[in-house]
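A single chain comes next, written as structure tokens; it is the form predicted alone.
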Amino acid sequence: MGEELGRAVSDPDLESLGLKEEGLRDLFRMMALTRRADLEATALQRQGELAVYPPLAGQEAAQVGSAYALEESDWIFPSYRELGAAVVRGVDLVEYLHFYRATWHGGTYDATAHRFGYVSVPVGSQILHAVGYAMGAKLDGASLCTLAYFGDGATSEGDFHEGCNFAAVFHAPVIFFCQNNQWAISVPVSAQTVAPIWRKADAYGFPGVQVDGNDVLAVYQATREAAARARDEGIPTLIEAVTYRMGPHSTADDASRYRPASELETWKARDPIDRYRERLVRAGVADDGFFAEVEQEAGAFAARLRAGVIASEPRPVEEMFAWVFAELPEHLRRQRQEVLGD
């Protein structure tokens, strides 16, 4: 990554990463699965199977590289666009997409089993969750860190600044991972902040790093080093992964109304999957046979996703009354009786 914190990280030497060839290929595989699943989820929404969906095409390297760099015991706190990180953590995407199908708030997967928090839509709220969990783990004497994903727009939220300040003062083992995809819905990053996002860490006294978010290996390296600082020294890090949202903010958005087509074409030429494929070929780590296998696996992966979502039944009605109160208040008890007849 280079000795100077804050230096833009790009194109790290393969030998410095500590990844074997299998790991290098696995990164590509997960990026490819993510891209295919993302396209499938978008299609499912267009066909009425999902209520809404936020595409992530273009951000695969930022998500896969960072999630892959963590230890199994580390926790991830996503926003609403982290399907790629969910793939790395082995989350069942049919269960994940229950949130977007509007049948379960946050998704039906086991967050504890995957150490992957539930989908969080209120902008920046998951940052506080990550800091709080990290503090709890520190008090328990656990050796782990947490990583919070958020976008450039979230850096204008109070939750971001409160989380950074608290983590700095109390030495919480947190990675603040900003996917700067250039647009907070229709607001460009130039109208969001004057100083570079990574420089905001200066105000809180911990390291800030800007990384090429379309370079999966650079993201992996920056995150791995930040995680080590967090676990070993209790030092938070703000990582700004410079990337691009090639699709709309969500399937309810028309990005063509505010984003110039020329900008999109420029970033398409920096497609993170194409770039990494070329890197693997140059390094002699992967060949056409490998890529063909991944393509076949991605097709089957997407097919299972589609079949699972379409076959999803409505959740049991009694779940509306579960897991909040140890003993139901009288008004909810009456409602439950009216609905279920018990």
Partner chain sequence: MTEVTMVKALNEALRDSLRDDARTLVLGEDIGKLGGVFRVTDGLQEAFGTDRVFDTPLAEAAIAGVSLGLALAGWHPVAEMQFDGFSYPALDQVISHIAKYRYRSRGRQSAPLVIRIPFAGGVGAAEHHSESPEAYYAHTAGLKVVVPSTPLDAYDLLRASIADPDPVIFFEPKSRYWSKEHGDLGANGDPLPIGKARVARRGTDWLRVRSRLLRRPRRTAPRSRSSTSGRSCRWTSTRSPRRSARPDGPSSCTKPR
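Numbering follows the first chain given and starts at 1. The shown structure was predicted, so the numbers you read here are calculated from the model rather than taken from an experiment.
From this point on, the text means the form predicted in complex with the partner chain, which you will not see here.
- Checked against the partner chain in the predicted complex, the residues W267, Y204, Y133, Y80 give one hit for a heavy atom within 4.5 Å, which is Y133.
- Residue W75 is the only one of W75, Y96, W183, Y220 with a heavy atom lying within 4.5 Å of the partner chain in the predicted complex.
- In short, of 106 to 114, 147 to 155, 252 to 260, 221 to 229 it is 106 to 114 that has heavy atoms within 4.5 Å of the partner chain in the predicted complex.
- Contact check for L128, F170 and H331: all three have a heavy atom within 4.5 Å of the partner chain in the predicted complex.
- In the predicted complex, E319 approaches the partner chain with a heavy atom inside 4.5 Å.
- Not displayed here, the partner chain is approached by Q335 to within 4.5 Å at the level of heavy atoms in the predicted complex.
- Shown alone here, R304 lies farther than 4.5 Å from the partner chain in the predicted complex, counting heavy atoms only.
- Though the partner is left out of this view, S120 does reach within 4.5 Å of the partner chain in the predicted complex, counting heavy atoms only.
- In the predicted complex, the partner chain lies within 4.5 angstroms of at least one heavy atom of each of the following residues of 147 to 162: D159, E162, in sequence order.
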